[in-house]
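Here's a solo chain for you in structure tokens, the form predicted alone.
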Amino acid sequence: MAAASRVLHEQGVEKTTLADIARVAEVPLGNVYYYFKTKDQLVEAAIDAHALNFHAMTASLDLHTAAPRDRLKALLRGWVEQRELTARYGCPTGTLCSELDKRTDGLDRVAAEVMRLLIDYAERQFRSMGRSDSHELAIALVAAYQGISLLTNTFRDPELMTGECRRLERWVDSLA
């Protein structure tokens, strides 16, 4: 699944073949076909892997970071750590959502649920900070991240992500 997620992020769904994934995973193509009869099944499994990774990351933040404001800032720092990858390929979830939205097979809605996880997590943190406008703040945070991910990728400039996340950290601090 890690290989599938990586290749789909780097090449996009339409350009990726099961053979590409087998090559990166260093397994025979027959093994990939054994578990996934179609590329769409593999894409759905990769989306599920994104969700599992998100749950693991947020569980770690919840376990190791007491204050919701600090959890949000840790999330921002994680995005900054991924800035080189974002500059090259965009946000893994955002680019997948954007690409799948052009299809009519329902995978767009499955991918949207991963984005919903991020919004819901941010909303819980803002609510824990005592904010009655937690939903709007969560949308603003995710929109800022997706926007800067697009610009970071478009201009191949990882420092755009760094600067915007610094601004977002100050914004989060101002809301506490």
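Just so you know, these numbers come straight off a predicted model, no measurement behind them. All residue numbers refer to positions in the sequence shown, first residue = 1.
We do not show the form predicted together with the DNA, though everything after this point is about it.
In the predicted bound form, every residue of the candidate spot (Pro28, Asn31 and Tyr35) has a heavy atom lying within 4.5 Å of the DNA.
With the partner omitted here, the residue from Lys39, Arg69, Arg116, Arg127 that has a non-hydrogen atom within 4.5 angstroms of the DNA in the predicted bound form is Lys39. Mapping the unseen interface onto this chain, Thr16 counts among the residues with a heavy atom inside 4.5 Å of the DNA in the predicted bound form.
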